[in-house]
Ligand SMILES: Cc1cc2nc3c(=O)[nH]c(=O)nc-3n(C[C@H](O)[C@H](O)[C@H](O)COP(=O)(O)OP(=O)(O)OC[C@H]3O[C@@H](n4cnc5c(N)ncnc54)[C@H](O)[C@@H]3O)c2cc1C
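Presented below, as structure tokens, is a lone chain in the form predicted alone.
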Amino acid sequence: MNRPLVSSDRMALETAAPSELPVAIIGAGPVGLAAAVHLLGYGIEPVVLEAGTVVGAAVRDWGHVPMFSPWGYSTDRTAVALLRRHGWTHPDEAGYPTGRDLAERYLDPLAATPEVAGRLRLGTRVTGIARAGLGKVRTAGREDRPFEVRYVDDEGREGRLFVRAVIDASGTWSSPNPAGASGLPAVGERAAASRIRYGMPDVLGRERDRYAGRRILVLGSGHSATGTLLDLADLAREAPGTSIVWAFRNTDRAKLFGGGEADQLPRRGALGLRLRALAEAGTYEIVAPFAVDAIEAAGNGLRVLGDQDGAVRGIEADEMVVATGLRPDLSILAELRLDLDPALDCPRALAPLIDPNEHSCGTVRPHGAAELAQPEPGLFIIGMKAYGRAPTFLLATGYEQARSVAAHLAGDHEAARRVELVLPETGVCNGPGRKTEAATCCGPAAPAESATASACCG
């Protein structure tokens, strides 16, 4: 088969049929690479644009985190079939990988296959997407125009690519929620950035020296906060002088530690039980309810100001970990027509299925192209970014999204409508967790508040 036209030359578009243009996939994470493999299965040429210098760059950033779904639910079956044709052996499907395992044992081999390797553009950050020659307002002839994808490479050179469709699988990892209670950065938060870490730092590994012997403020009540607090408790036993302040806005203490032994996800319940025991033992100085308003320098550390029961309270710390969730960066889609839920920033039709007020990862049913479609024909947001601000994403569901969207773009509408993912009634979130206990998982606070970005949820 001849390789379709991949061109930055506008003149070449005048004679190019849509079928000669590739499909752009933004993001070379697990779901983005799965989408590429599914498109190749239909004879459609993908071009995968990845801002990082390696595939799975975000996954590697939380590589120390144990996943909550086993290998059997952490890989895409079509990608696995491709890998096996090249002699790859699937890890024990009942085993539980870390993020690093997923990147090194699955994504790296997949990216190295000749089918995928030739379609990767690493170190390529997408800066904007539009209909070629048309702004957002113009309607006439819109569907007939290709997409124009602008990017900057790792040497700072700007380029563009014309494509027939766009699959945005860029995730939310690079867009953490700020510390400010209003959803905006707290006053002074940007200036204090050198002493603030977002998500779930590797407290017991590569970032140990940053936190050992320090006073650390952890902000948040979700599962990334839980994982960080548990790790910091271990660090405090090993490193004298380490102290931990835990601040959060939640006023419902009954839900703070999860369902415990009654949790339908036992490993998640075990996390809460351990955190409760540590809290009751006085391991943490708890400040709640606490809504952050401002952050200012205090000697070599920080002073975090906020509202506690209507009064101004200041918390002093050497370092701060903000574990308040993630949100999608929609700036690259600003010139395209979107229909997003006003609260979750996800495709409107998907919102009722993933609303964290109603669902955890185990209760979100599989869905595909129909729910993900946008008013801009040929544009699909998939993977973690499709869930917007909802923390209920399941990696296996992301693979189902990729399969369905690829089928839709190939014109196989029956396959696009078909549900091919069947989850056990008990879910797939019962992993063994860090050490001998439970890993971070899904639920109402992860991974938008968890670095388990590809684990049970994410």
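Quick caveat: nothing in here was measured; it's all calculated off a predicted structure. Don't overthink the numbering: it's just position in the shown sequence, from 1.
One more form of this protein, predicted together with this ligand, exists but is not displayed; see below.
The site on this chain is blocked, since this ligand, superimposed from its pose in the predicted bound form on the surrounding C-alphas, has 3 or more atoms within 2.4 angstroms of backbone or C-beta atoms. In short, of 162-170, 182-190, 109-117, 134-142 it is 162-170 that has heavy atoms within 4.5 Å of this ligand in the predicted bound form. Although the partner is absent here, A406 lies well away from this ligand in the predicted bound form, with no heavy atom inside 4.5 Å. Interface residue remark: V47 is not counted as part of the site for this ligand in the predicted bound form, having no heavy atom within 4.5 Å. Although the partner is absent here, L333 lies well away from this ligand in the predicted bound form, with no heavy atom inside 4.5 Å. Not displayed here, this ligand is kept clear of L350 by more than 4.5 Å at the level of heavy atoms in the predicted bound form.
Remark: all three candidate residues (M67, V126 and M200) come within 4.5 Å of this ligand in the predicted bound form, counting heavy atoms only. Only one of V321, L229, A79, M384 comes within 4.5 Å of this ligand in the predicted bound form through a heavy atom, and that residue is M384.
Within 4.5 angstroms of this ligand in the predicted bound form, the stretch 38-64 places a non-hydrogen atom from each of L49, E50, A51, G52, G56, A57, A58, V59, W62, taken in sequence order.
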